[in-house]
Ligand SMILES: Cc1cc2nc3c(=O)[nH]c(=O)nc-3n(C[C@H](O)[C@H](O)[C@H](O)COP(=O)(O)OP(=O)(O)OC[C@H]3O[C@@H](n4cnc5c(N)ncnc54)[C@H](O)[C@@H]3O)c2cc1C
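Given as structure tokens, the chain that follows is alone and in the form predicted on its own.
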Amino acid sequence: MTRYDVAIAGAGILGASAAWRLAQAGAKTLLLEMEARPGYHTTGRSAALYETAYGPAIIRHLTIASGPFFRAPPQGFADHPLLTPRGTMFVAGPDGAAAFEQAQAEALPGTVAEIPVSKALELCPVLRPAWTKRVLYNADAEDMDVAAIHQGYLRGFKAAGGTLACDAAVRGLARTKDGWQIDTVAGAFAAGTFVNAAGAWADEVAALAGLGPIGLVPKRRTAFVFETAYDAAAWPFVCEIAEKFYFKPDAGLIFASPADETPSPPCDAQPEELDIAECAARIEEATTLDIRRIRRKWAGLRCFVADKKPVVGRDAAAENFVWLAAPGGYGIMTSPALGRLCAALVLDRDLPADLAANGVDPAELAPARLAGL
């Protein structure tokens, strides 16, 4: 049985990021993926937007801390830029006054500014003037090349000596005197530390180790792309202020979502026709877009705990079991910061100085915080 310093369950964006950092640091690291290829579930189904004005405060701090990596990744990480300019408009319609005031009050300094409706109509001319009441704009929001980011982590992980095992769902975890024995579909392995980055299945994986859940709730998020006669390439990402819908250009089409958060068991999530129809109706009410032909539709699971913050840290009942879970819909844009934080915790190293400078407090993300929720 091959023994590793660290084994990570889940080769999605967070597991891959942490695995790369651990392998770079010299830890003999195994990355286990239940599917035939990494990134099949949530990682491959995202809106692909780097947005510093989105999510709880800790998410925004993690996103800002991740920006320097995306803008200047290590040499050889990718052969083209990971980010390209997009911009985001948070638009309040006739019933969005309260949500607008709240969003404006909660925004971090320097991330968003209110712009005149006339400017918003210049940026996205399909918005209906009578519907559009107030607009917050983040000029720094950018499209992300999710595939390049994910593959960069995996390629760097392998180059640093890491081992990736696919079709290797974890089906048993037994504590030993020096770590864990891990039974998988692909065989048995041993590791000193086990990192649970199993996405929607994270609580189920913890149960295999005899550990309690963190209260993970997977929630379905629906998306689709539709045809348009407009030249939309330069439009910003448009998000209704209370997240009743969002849309953005996507390779000659329009990507859209109802921003739904429907609780779901861990599964290969599929879209619901009603969610798509309601989203189309909302977009057509707010814009002159005519959604007649939907080219493709899908769904993914975004995973949350009670306070909607990620869970990163050692389990109170087994310190060599480390959680890397519940990123919500923010895992890709926070992956550089969360991967580095997880690696530092596994290796018992200090929090990276730039994460601390950006307001990242490990205690705010530790699983122990959930005991009182």
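In this text, all values refer to a predicted model and were calculated from it rather than measured experimentally. Each residue number is its position in the shown sequence, starting from 1.
In what follows, reference is made to the form predicted in complex with this ligand, a form of this protein that is not presented.
Under a 4.5 angstroms non-hydrogen atom cutoff, this ligand in the predicted complex has G300 among its neighbouring residues. Among residues of the shown chain, V170 is one whose heavy atoms approach this ligand to within 4.5 Å in the predicted complex. Heavy atoms of H41 reach within 4.5 Å of this ligand in the predicted complex, making it an interface residue. Taking the partner from the other structure, this ligand in the predicted complex has no heavy atom within 4.5 Å of any heavy atom of V311.
Listed residues A99, A160, M144, L164 were compared with this ligand in the predicted complex; M144 is the one with a heavy atom within 4.5 Å. Residues L62, G67 and D348 are none of them found to lie within 4.5 Å of this ligand in the predicted complex, as judged by heavy atom distances. With the partner left out here, this ligand still marks one of 285-293, 271-279, 87-95, 198-206 in the predicted complex; by a 4.5 Å heavy atom cut-off that stretch is 198-206.
Taking this ligand as it sits in the predicted complex, the stretch 1-37 comes within 4.5 angstroms of it through a non-hydrogen atom at A9, G10, A11, G12, I13, L14, G15, L32, E33, M34, E35.
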